[in-house]
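Below you will find one chain, with nothing else, as structure tokens; this is the form predicted alone, and questions on how it binds or moves follow later.
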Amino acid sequence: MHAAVVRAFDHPPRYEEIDLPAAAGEDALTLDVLAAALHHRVRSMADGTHYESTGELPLIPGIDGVGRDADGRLRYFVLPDTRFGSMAERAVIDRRRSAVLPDGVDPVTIAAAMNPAMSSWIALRKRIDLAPGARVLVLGATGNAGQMAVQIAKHLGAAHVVAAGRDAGRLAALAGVGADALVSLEGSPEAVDAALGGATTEVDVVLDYLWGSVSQRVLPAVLTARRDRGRPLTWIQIGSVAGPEITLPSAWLRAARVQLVGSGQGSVPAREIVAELPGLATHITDSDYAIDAVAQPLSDVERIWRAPAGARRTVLVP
């Protein structure tokens, strides 16, 4: 079969022929892959920088996708840790890590939406108990996952959602899909701190997709702006687009009633994540989400990999 194949971590995947291992076990299925999304997790898998990378080569990148099984059913699937990912003409999956999709859904839309949606869906359903009427700040709301997080937070019961991000155009658009307040992260640090402080005085939950230098400034700005510092604040660390580390002075943790929580692969048992797939897939299928995806041919993977990342979600189709 043809696939995107990584043979060196310092070189983009190439479109090559490679043998797919035979399906083994009663729950194994071989699917014809219809769509596989390119996102940050997939890029870090392909360059060997992801924290769960084993360093084994060659590998096929891709951790999820939409495919058709031998009975003609569409399935959204998530792969276990494997060198044989979803960016290929076929993939071997575990049926227990898949959700059957309704006829007529667009595989490209589902492939584009599920992974970014899952980050906030799992964070708000499995890492905390989101109280009805909670107030949520999405830090990094102009990224693909952040845009979905604004919409999902509202769906799961948040009464007020603050969207914070850099891209002015994408930030403005979030007012039409659930954001109640917008905060630009562009401008002087003092201006950003003041804007965040004014918008987040009563926030209960922060979904943080940025970390690094941004959260380094935002965390104390949010904590010190709270009118009632004894009101609980849960800061959920999901992504690290702005950097993998911050310096965390102990005084910040004593300045307010805050708990830091991580949400990602490993923080929630795999069986619990898999159990959420059918509900999330149905929710995305039945809802009117703003999902900006573009299908690109798998055969062009090397060119696509080298191209500057755009605002639209890239989905590879064999």
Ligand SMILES: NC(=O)c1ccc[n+]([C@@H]2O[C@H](COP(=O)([O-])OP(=O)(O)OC[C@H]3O[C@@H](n4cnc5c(N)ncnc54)[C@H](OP(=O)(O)O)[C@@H]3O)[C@@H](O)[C@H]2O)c1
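Heads up: residue numbers just count along the shown sequence, starting at 1. Note that the structure is a prediction, hence the values are computed from the model and not measured.
There is also a form predicted together with this ligand; it is not shown, and the following applies to it.
Trainee: Taking heavy atoms and a 4.5 Å cut-off, does Gly48 contact this ligand in the predicted bound form?
Mentor: It does not: once this ligand is placed as it appears in the predicted bound form, Gly48 has no heavy atom within 4.5 Å of it.
Trainee: Can any non-hydrogen atom of Asn115 be found within 4.5 angstroms of this ligand in the predicted bound form?
Mentor: Within the cut-off, so yes.
Trainee: Give a yes/no on whether Gly239 approaches this ligand to within 4.5 Å in the predicted bound form, heavy atoms considered.
Mentor: Taking the distances in the predicted bound form, the answer for Gly239 is yes, it comes within 4.5 Å of this ligand.
Trainee: Just to confirm, Val218 within 4.5 Å of this ligand in the predicted bound form by heavy atoms?
Mentor: Answer no; every heavy atom of Val218 is more than 4.5 Å from this ligand in the predicted bound form.
Trainee: Find the only residue in Thr200, Asn144, Thr109, Gln151 having a heavy atom within 4.5 Å of this ligand in the predicted bound form.
Mentor: That would be Asn144.
Trainee: Name the single residue among Ala91, Leu210, Ala179, Leu207 that comes within 4.5 Å of this ligand in the predicted bound form, judging by heavy atoms.
Mentor: Spelling it out, the residue with a heavy atom inside the cut-off is Leu210.
Trainee: Partner absent here, but in the predicted bound form, which of 210 to 218, 78 to 86, 155 to 163, 188 to 196 has residues with a heavy atom within 4.5 Å of this ligand?
Mentor: Going through the listed ranges, the match is 210 to 218.
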